[in-house]
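In the block that follows, a single chain appears as structure tokens, in the form predicted alone.
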Amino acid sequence: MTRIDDKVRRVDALEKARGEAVYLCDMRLPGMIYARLVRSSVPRARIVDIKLPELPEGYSFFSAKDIPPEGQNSLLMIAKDWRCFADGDVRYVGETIGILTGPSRAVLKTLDESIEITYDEQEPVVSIDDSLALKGGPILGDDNIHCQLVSEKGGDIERVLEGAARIFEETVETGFQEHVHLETNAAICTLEDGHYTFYISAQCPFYVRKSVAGLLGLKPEDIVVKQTTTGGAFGGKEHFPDVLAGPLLVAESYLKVPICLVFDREEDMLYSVKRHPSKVTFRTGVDKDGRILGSDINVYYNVGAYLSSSYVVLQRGVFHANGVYNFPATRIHGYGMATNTFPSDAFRGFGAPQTLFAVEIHLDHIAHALGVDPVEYKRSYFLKQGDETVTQGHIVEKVVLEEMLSQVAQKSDYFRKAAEYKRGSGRGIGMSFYNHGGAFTGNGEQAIIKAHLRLVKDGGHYTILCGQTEMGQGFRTALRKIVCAVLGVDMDDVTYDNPDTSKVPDSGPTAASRSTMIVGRLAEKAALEMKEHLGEDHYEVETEYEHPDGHPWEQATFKGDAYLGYGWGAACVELEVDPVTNEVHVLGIWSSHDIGKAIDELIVHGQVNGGIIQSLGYASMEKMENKGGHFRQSSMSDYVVPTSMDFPRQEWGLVDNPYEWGPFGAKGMGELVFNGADAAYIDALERALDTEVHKIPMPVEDIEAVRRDG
């Protein structure tokens, strides 16, 4: 019998460790051919002419003109603006113009290189500043704004700032970040039992069928999507698989044979979605004693050419822009800016890391200017249960930030070291605090997602049917463990396979730190009902999400309880900087998190270690530059990610704080653990160098300039 406190081996551990797991690139279907996307080589232009080479027998080319009259040249994501094929113009480097198909990948590559496309080029808009300045003329509407919103509390911010004794103004920026999932993007489209069927490496199978159905004038249920073993995603396979699936579907409608499209690593880095670059400006007023009166914050995200999920990403960024703090008054205005760069999309943290980093650094700078320890300054503003949020809702749950601070400070010896290490001594220690709202914002779960899960008993075996996907985070293990713990059975008695949209109910996307707290809760409820029917040979239970009463949300105004439960975290980093080479040596990493109740500590340990290292890479080394619309980094030799050799062993802890509406008290955690170590690293770096940093990443080659400008 598996209990919830047992530490269990992941159900997919052995097949992956032995190399037995079958990924999409391992699949071979009878008669299968291959595909290659033909992409734009310029960021902003009118297409003048496309000249194809003579195609050998068995090879084909499809483009917008091959979409049938009953179809539309668009992919339905959250919005419907992303074109399946560029038609008449191109809006970013890498935009899909057409798709080549045929039996040999080598021949497809040669044919792609032989296609001649003539462009009438225009000046591209690449950065947030370019977009705000309407460089080269607007590319969207008359202001380049894809989306915007404002969230405020505490009265007229201008009047509040007029009464301030001092105003701190600054801008904090973050850059692109590449997902670097181990498995590149990949999909197969074929015909099975009269249905267009996708085998695909993806987070959200139901998203794929909804997105591409309109290309052929079909209904989503006319398409079947089968998730394959997915080698990592981090958000990069939430909406982007639609961009592969669309052209494949059009080609399949003509060829009627299995077609396989697999990116190589260079394609994946140059021609896939990234984390949104951001620019956050602050005007923060304090009284004569240095107490914050209010802050006026502008949040700008580089959305790219198409909206995709960016409006939702921006919302989360705005709603987290005050971090874990309760300021008397704030106004946060968010803008999603159109540019001629590859569209930005979901990435672990989903918009929160950019603003959480910004507010942490901003408070560090204010504390330094006031001559007080940043941790002591920040803790005086910690949110508490019942406090008003930036959306004029309230913190519903007990907040245990003080307990996490105590845990991390004790393990790291923070207060002694912070007092002992002089600014500019080459050694520094920094701490950050962060949170992450679990599940979809506001009424998203009850009005948009409406998750369902089915549990089936057949003899002595149980099968979980839902649309959630395993992408390396351990959810196949966690969900089975929840059911086992309720029913009092072993892990081998429960099956939960990769979803097939023709067989499982739609439980919503595998995103937004919602899988365990929302879908896991549905599994717990289903198992509790099933427990009453253990004597029956066959029984089925279907559960659906029910929103707790008493927590209103107005989607039109973005007011109310945006999140009923947050994950909370504290991270500390100690480092030293070589005075000659500027190399940074991290000496220690400590963290503590409130994730409600841990469903499995082995999985949590892996998530904490991975998320914090990924966050430290974001702050220190993962430099992804875009020059003139072109990404400069295209391989793992010039885009540097952390390895086990770059950072020391972490010390981590949890503070139990069971969540009322989660399975066994669990909350979300997959995104939370990314959200704060970057700020702790930069805090420590600033102290070591006695300077201020306003932009990440901050690789070694950029530190000299910061020291010089110090």
Partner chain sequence: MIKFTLNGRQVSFEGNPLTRLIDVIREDLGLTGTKEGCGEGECGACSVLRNGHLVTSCIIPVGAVDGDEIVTIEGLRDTEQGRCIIESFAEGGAVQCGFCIPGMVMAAQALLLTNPDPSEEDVRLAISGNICRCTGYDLIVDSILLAARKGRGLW
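No experiment lies behind these values; they were computed from the predicted model shown. Residue numbers count along the first chain shown, from 1.
The following text describes the form predicted in complex with its partner chain, which does not appear among the structures shown.
- Listed stretches are 602-610, 330-338, 512-520, 87-95; the contact stretch with its partner chain in the model of the complex is 602-610, by a heavy atom cutoff of 4.5 Å.
- Of the listed positions (528, 149, 180, 167), a single one reaches within 4.5 angstroms of its partner chain by any non-hydrogen atom in the model of the complex, namely 180.
- Interface residue among 427, 195, 368, 105, judged by heavy atoms within 4.5 Å of its partner chain in the model of the complex: 105.
- Candidate site formed by 25, 635 and 645: every one of these residues places a non-hydrogen atom within 4.5 angstroms of its partner chain in the model of the complex.
- Heavy atoms of residue 265 reach within 4.5 Å of its partner chain in the model of the complex, making it an interface residue.
- Contact check for residue 543: every heavy atom lies farther than 4.5 Å from its partner chain in the model of the complex.
- A residue is said to contact a partner when one of its heavy atoms sits within 4.5 Å of a partner heavy atom; residue 622 meets this definition for its partner chain in the model of the complex.
- Contact between residue 700 and its partner chain in the model of the complex is not found at the 4.5 Å heavy atom cutoff.
- Residues of 404-440 that come within 4.5 Å of its partner chain in the model of the complex, judged by any heavy atom, do not exist; none qualify.
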